[in-house]
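So this first bit is one chain, no partners, the form predicted alone, shown in structure tokens.
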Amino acid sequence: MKNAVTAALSAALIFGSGSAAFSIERGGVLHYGRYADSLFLDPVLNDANVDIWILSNLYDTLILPTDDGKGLKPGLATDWKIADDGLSVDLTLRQGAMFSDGTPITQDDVIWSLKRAANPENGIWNFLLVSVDDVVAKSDDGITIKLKHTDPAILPALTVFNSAIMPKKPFEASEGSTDAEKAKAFAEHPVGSGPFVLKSWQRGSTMELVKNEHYWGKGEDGKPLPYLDGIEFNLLPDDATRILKLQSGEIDGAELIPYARVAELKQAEGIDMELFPSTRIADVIMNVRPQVDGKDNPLSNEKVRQALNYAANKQAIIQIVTHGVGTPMSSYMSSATPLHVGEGAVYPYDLEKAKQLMKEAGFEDGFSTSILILAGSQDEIGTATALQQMWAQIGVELELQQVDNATRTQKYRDGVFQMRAGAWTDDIADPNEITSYYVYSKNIDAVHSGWKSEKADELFEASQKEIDQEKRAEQYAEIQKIYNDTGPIVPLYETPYPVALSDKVHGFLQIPLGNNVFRAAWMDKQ
């Protein structure tokens, strides 16, 4: 067991961009094109990447993930130690750290933040801290997390957005009688612990962040981070529009570039086309409840789901949509996720087997269904169009429903969809997060699909306490087999993060866990 980690690195090494200090230029506002707007900026109660990837710039956690997404580095805690019996964790808090309003980050704030995140009544991510029994002060500069049972992922869990450190008094003084009501009010004008602060948010248009003048981190020049004066996020759902505005200089960066444009942008003057290593997967999520909107649901039939998988030619989709950048998913989790098992596509293309399974399921003549895709997303439209053609060969008529992100998210959460194009990125260097979301029925009905396996649920619960890595690996291997055989998804491909930046932008990073890290980003002023 890992007994102790000490913050031997300086803040400059922790956060440095790797550029020579004399070359870094401070100031300026970076304009960044997003495919979808955020929904709710609360670390504990959110449920979407459009929120998570903003929150990591507004709030810090006790421990931060390393740039490769695999390790740990000091954040608001400078060192930590797990007890020999595995039932407690001692953390030393960073002295002098302040919130964005200039008030000190206290033991009380840290204890309250972790207890709120671990509260089973708060949000869907509390399972990451389900082992937490209590959080108490330790001497003058630390805390102790007492555990109900051993937890193999407790340290990585402290890097995740929902364990962000928030100010207790301003939150509790917010309007509302419940935690959710207070969170909604507080999120409009949050006081954070991260490198940036929310200045304004015109929903459906722009979001402005400004530098946190009280941030604890130091840059390579020895001065406080961040280097930028601010970030302006521009909502640009249409892929082509994001690219045009980047090419014209109206914005300085753009996320989720369609893979069909990657080669072109790699050759474009003045643009750095980045493919950041990731844990990102793309799939199709099926609603497998017996009925949807009062009608019998063919997708509730396991053989139908298997037929759709065999009839989906993943290699062809990878060539059509990602232009060869992607690789077939070999499990429901990415191959970069710890304890992943599998090689090659989960379901290799086999049209005849797909037809036979449709016949055995009683759907030899096929059926009609629909898929929710994001309007303006070239990748999702391309994937769904390819599936539409492939599934037509087994009699399945697929209707493409292009909607905005907020509409799709609501239908998905309410369970009033048939299929949706899905994507996932790990937020923790452990398989428990994606498994709780995709597999564990007691969390959100297994990725809002209605799928359930009592055996998989039992294995997941046992894995949350298992510190023997060999036994835990066996548990996850069995979970993956159960889900891959009977689960509610069509696993398609995994890909890097495609981000295009002006060549004037330096130090931006999207780590494999998805976090957009603007902390050490800077821009040439000319």
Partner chain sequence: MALLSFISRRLLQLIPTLAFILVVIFVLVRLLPGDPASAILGDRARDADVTRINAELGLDQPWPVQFALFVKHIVTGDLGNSIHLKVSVASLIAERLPVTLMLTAMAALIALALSVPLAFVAATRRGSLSDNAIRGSFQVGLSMPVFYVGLILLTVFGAKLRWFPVGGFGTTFLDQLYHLFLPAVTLALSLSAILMRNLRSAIIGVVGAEYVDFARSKGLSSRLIMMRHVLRNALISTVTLLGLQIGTLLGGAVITETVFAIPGAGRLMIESIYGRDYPVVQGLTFALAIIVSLTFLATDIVQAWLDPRVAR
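Numbering follows the first chain given and starts at 1. In this text, rigid core is short for the largest set of C-alphas that superpose within 1.5 Å between two forms. This is a predicted model, so every value here is computed, not measured.
Not pictured, yet referred to below: the form predicted in complex with the partner chain.
Engineer: Work out which of the listed stretches, 252-260, 183-191, 293-301, 213-221, brings a heavy atom within 4.5 angstroms of the partner chain in the predicted bound form.
Structural biologist: Stretch 183-191 is the one.
Engineer: Does the partner chain come within 4.5 Å of any heavy atom of residue 200 in the predicted bound form?
Structural biologist: Looking in the predicted bound form, residue contacts with the partner chain do not include residue 200, since no heavy atom lies within 4.5 Å.
Engineer: Whether residue 247 contacts the partner chain in the predicted bound form should be assessed with a 4.5 Å heavy atom distance threshold; does it?
Structural biologist: Residue 247: yes, in contact with the partner chain in the predicted bound form.
Engineer: Should residue 100 be counted as a contact of the partner chain in the predicted bound form, where contact means heavy atoms within 4.5 Å?
Structural biologist: Heavy-atom contact with the partner chain at 4.5 Å: absent for residue 100.
Engineer: Is residue 437 close enough to the partner chain in the predicted bound form to count, meaning some heavy atom within 4.5 Å?
Structural biologist: Taking the distances in the predicted bound form, the answer for residue 437 is yes, it comes within 4.5 Å of the partner chain.
Engineer: Using a 4.5 Å heavy atom cut-off, are 123, 237 and 444 all in contact with the partner chain in the predicted bound form?
Structural biologist: Yes: 123, 237 and 444 each sit within 4.5 Å of the partner chain in the predicted bound form.
Engineer: Go through 177, 205, 95, 139 and name the one with a heavy atom inside 4.5 Å of the partner chain in the predicted bound form.
Structural biologist: Filtering the options by heavy-atom distance leaves 205.
Engineer: Go through 47, 457, 474, 67 and name the one with a heavy atom inside 4.5 Å of the partner chain in the predicted bound form.
Structural biologist: Exactly one listed residue reaches within 4.5 Å, namely 47.
Engineer: Let me know which residues along 415-436 have a heavy atom within 4.5 Å of the partner chain in the predicted bound form, or say none if there are none.
Structural biologist: 420, 424, 425, 427, 433, in sequence order.
Engineer: Quick one: once the rigid core is lined up, does residue 237 have its C-alpha move by 2 Å or more between this form and the one not shown?
Structural biologist: Moves: no, less than 2 Å.
Engineer: Any CA movement of 2 Å or more for residue 203 between this form and the one not shown, core superposed?
Structural biologist: Result for residue 203: no, shift under 2 Å.
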